[in-house]
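Taken one at a time, structure 1 and structure 2 that follow are two forms of one protein chain, written as structure tokens.
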Structure 1
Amino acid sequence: MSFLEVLPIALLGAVCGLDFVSFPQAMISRPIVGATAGGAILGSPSAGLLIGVVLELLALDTRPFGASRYPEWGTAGVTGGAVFASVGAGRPGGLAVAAFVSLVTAMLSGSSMVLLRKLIGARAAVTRELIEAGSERAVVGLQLFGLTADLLRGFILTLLAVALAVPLARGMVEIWGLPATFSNAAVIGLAGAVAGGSLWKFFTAGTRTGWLFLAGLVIGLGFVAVQ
């Protein structure tokens, strides 16, 4: 892929990566959103939607609480959608390869968030005296520094991931030995198992999560029936 083809995908990954934690946290970083948009840029939103559903099932086990370490699914979703659309949704091994690329991207991107936090912490330490003195300029400057660094982080990661993964993924599907039906079923089955395990932990946590889930399910089905 040329740089001009990868550029809009990288910009989308930057926005989704920024949304994951920093701003505006509007849920556009969810894998199903980022992957669908990434596939749409390459002319195949349906392929992006399919890989997005798979990644969404895997992402259900992520607990982004406090300073815990977790995969970053914004850039991973965009990368997965772009890779899957690039190799072709109907190609044997396409879904498996795209899912693998997304998981690797999510882990690397999650590690980059740890480095970003350390960088912001170091910047805060330098301006600590100004912040404690109530300097509005220092506070705003630190916030803008963090947002800009996070945006750049997502852009670089998505750019490198797509540029490196697309040719490798195309080569993998050329030598893939299993029919698409079997490999797709394996990927979807594993993703469903991860999602099921995540939901089971919620339901057995001794809270009202299970009842709230069932209430939401009933309400959602009610809206569908009315429509």
Structure 2
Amino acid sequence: MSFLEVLPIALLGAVCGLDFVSFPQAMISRPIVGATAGGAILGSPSAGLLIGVVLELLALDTRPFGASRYPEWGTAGVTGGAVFASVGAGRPGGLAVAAFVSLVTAMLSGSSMVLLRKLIGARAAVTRELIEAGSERAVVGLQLFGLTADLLRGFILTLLAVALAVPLARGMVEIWGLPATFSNAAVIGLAGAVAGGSLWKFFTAGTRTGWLFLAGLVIGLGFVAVQ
């Protein structure tokens, strides 16, 4: 992919990366949104949606609680959508490789957020005297510094992830040794299992809602059977 092809994807990754924590937390950073948009930029929103659904199921396992460390799904979703759309949604292994690349990106991106927070903390320490003196310039400046640094973080990460992952994914798909049916079903089943286990824990912990979960499962399986 040329720089001009990667640029709009990296810009989208920057916006989604910023949305994840800093601004405006409208959840455009959720994989179901970011991956669909990433796929749409490369002309395949349906491919983006498919990998977005897989990643969304996996993302249901994580919650962005306060200072805890968690994967960053904004840049990961965009990267996954772009990689899957660029290798071709019908190719054997495409979904598995795109999901793998996205999870690695989510992990690395989560670590980059820790570094960013340390960087903002260091900047806050430098300007502490001014902030303690009630300087508007220092308070607003620190906020803008954090927002800009986060935007740049998302841009650089998505740019690097897509630039490195697309050729790698294309090469892997060329030598993929498993049938598409098996590898797709394995990836989707894995994501569904992660979501199912996690949702059971979150929605039924300490409450009597387990029967509602099971009732929903009966309705869902009934719908699938009719389909």
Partner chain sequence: MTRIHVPFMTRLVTWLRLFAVQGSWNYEILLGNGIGFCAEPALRLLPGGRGGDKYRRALARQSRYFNAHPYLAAVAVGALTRAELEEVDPAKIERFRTALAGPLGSVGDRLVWSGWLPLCSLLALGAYGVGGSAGLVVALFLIVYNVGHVALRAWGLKVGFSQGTEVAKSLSTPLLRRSPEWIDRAGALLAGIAVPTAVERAVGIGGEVSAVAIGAVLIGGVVLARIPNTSVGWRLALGILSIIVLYAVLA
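For numbering, take structure 1's sequence and count from 1. Rigid core here is just the name for the largest C-alpha set that superposes within 1.5 Å across the two forms. None of these values were measured; they are calculated from a predicted model.
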| item | value |
| --- | --- |
| Of structures 1 and 2, the form predicted together with the partner chain | 2 |
| Core-superposed C-alpha of residue 23 shifting 2 Å or more between structure 1 and structure 2 | no |
| Residue 220 C-alpha relocation of at least 2 Å between structure 1 and structure 2, rigid core basis | yes |
